[in-house]
Every structure is written in structure tokens, then in C-alpha cells.
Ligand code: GLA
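Take a look at this single chain in C-alpha cells; it is the form predicted alone.
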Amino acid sequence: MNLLSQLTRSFQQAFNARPSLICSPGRVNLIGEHTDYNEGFVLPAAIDKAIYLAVGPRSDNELHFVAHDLDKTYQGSLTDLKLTNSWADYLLGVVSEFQLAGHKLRGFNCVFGGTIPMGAGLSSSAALENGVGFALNELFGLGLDRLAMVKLSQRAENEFVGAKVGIMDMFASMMGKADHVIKLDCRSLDYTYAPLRMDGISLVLCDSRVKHSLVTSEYNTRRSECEAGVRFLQTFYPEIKSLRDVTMPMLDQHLRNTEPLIYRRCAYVVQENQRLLDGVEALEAGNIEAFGQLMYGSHEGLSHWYEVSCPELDILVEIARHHPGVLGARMMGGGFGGCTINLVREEALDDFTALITKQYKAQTGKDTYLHACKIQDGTNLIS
């Protein structure tokens, strides 16, 4: 029995009603890492690893949730939303933000499960939050557009859950389009789609199976280093608001010799924004080989200039770089563990899988797990 059938049956057994079914996908980011909080560009896409929700309205104010994969339940009320420090907070946070925004809700039932590999950095929390927001909009006829739901999902995680995440994860999950990536301007939230023609090419994630404890503290450090660079440059260029406004000549003239560490951090961000813009041009021209080379450049910058990689991620990229069937590879996400993202020719997929599994184990003593993905539409109603 597939997951949708299991969720439907579980919902019917628990609530004696037939549910509406919603798919809310995870996301990948093809290029543009650590650019979001510097008001730059990102290039994410929704993928066919998703959270699925079976939902239905209630006639009272009660909330009944079932986490199918965890075999856990939650019961509460619209009138008493409290932090639980558990999985339920991702649903309750969305409910809370919808109510704070003035939307009239009733209680609802929800059974959810997913196919997003946990711990792989594919934004399962954003997918769940989007799915709940989409469900509320459908069940209670709120008439919200997708961007409004994205903003409520982000607020749920920022304000209720307490994680100060950017908007990219929610945006990609909700706004995804099959066979396209999203060029998102993190300053204005303007966006366009660029074609990612994957005929004969697979999108493959290689999970390093490590997550170093540095990720939170170093994230905050990198952010403050970028802000320090902006403050320094503002003494020469008062019009600068973020690294989005900075050019390499500015950095070379004022930071290269005086603040070499800050220079490297800022230079990575400025160069990554340009790599992304060049990458979009390559995709629009159908030149996926050129795009792949820019992915390698992105990893080089993340590893040596921004210093958020780790030995395991570098090893995965290096193995991929020497396989003739791989067009491009880089680490994805905040860093210090998680996945690499690879563009692999389909005829080379079996050989690549065997090679990277064997060599990664030999060099690290760890296993890697591979996930082949397809790019799909964003959060949507199945039935």
C-alpha cells in the first residue's frame, strides 16, 4: 500500500470521514548558498520528495493531528495554542500565525507522512508548514495567494517555533514549477523561472551522513562577518545597504589588504551572486554543461573562501569531479555536513553510485546514501 493510501485509511479510521489530500514538496538549491541573508539571489526548485497531508474540517475548535511516520498524535484547541517542543509545533505555529493575521478558522483533523529523507537538508519543516497553510486556505475558503501563505509559513517558524530561517525554503516548496528552477531575489522577493532541461540527466543528492555541531554558531559568525564588511564599506560608499550592492573592485580596493578574512567572506558572496546570474543565462541557453562548471565554482567558494564545508563534503565533490558522467557538483545548505547535489548523466548513474559509495567509504569510513530527485510543482491539492 502506498503512502497516500495509508494516510487516507488512517484518516478514515480515526475520523470516519474522507480527507482532502495535499502534496507539499521538499526543495533543493542548485546554486546561491548563504546569499539569502545578504539580500542576494538563490536558485531553488521543488522536488518529488514531499510531505503528504490528509486533512478535513471539524465543526468545533479542536485540533487533532497524527504524525503517521512517528506513530504519534496531538490533540488541542484553537483557543489554547501552546509550544510543545515537538513536531506538533510546526503545525500549531501555522495555525497561530493564520489567526494572528485575522483569518477565521475552525478546528481540523490532519494525518501526515512523508518521503523526504530526514536530516538531508531538504526542508521537511518548510514543506509541512506550507502543507498546513495550504490546507487551511482550502478547507476554510480564505482566498490567500501563494506568496501570502509562504510569508505565514516563515512567520510560523520564526515566531512560534523560534528558528530564524530565511524565506527560501518555504518559497521553493510553495512556488516550485516542474522542470524549472526559481530565480528568487531575496531583497524584493521578485522571482522568475528558468528552465532546467533534465533530459538524460539525473539530479542526485549524496548524503554525507554527518552533521557537525558547528553549523549554528558558524552560521551566526558568517552573518556577522558579512555585516562587518558592509559597515566598513559604508564609510566609503554610504549608499550600500548589503553585500548585494557591493562589487569586487570595491572589495579589492578597501578590504583585500586591510581585512583579509572579511574580504574572503564578502568576496565569496559577491562572486556567488554573479555565478548564479551566469548560471541562469546558461540554463536559458540550454547549456547545462556550463551550469555544472559554475556548481563546481560554488563549492570551491564555499569550501575555501566562506569555509562552511567539511572534509566529508569536499571528498564527495572531489569523487564526483573525477567521474566523466558528472556535469557538476557542490555542497548544498548551511554546511558542515548534509548533502552534495550532483548533475549526473543517466547512463552513468549506476557506475557513479557504485564509485561514490565505495570511495566515500574507503576515505571516510562512512556510508553515503544517494537520492535521485525530479523537479516538480510546488504545494498542491491532489484530491
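Values in this document were obtained by computation on a predicted structure and should not be read as measured data. Residues carry their position along the shown sequence, with the first being 1. In this text, rigid core is short for the largest set of C-alphas that superpose within 1.5 Å between two forms.
Another form, the form predicted together with the ligand, is not on view; read the next lines as being about it.
The ligand is not drawn, but in the predicted bound form it has a heavy atom within 4.5 Å of G334. Mapping the unseen interface onto this chain, G166 counts among the residues with a heavy atom inside 4.5 Å of the ligand in the predicted bound form.
Using a 4.5 angstroms limit between non-hydrogen atoms, Y296 is distant from the ligand in the predicted bound form. Heavy atoms of K49 never reach within 4.5 Å of the ligand in the predicted bound form, leaving it off the interface. When you look in the predicted bound form, the only residue of W87, F140, Y219, Y74 with a non-hydrogen atom within 4.5 Å of the ligand is Y219. Only one of 66-74, 350-358, 35-43, 49-57 lies within 4.5 Å of the ligand in the predicted bound form by heavy atoms, and it is 35-43. Once both forms are fitted on their core, the CA shift for K72 between the shown form and the other one remains under 2 Å.
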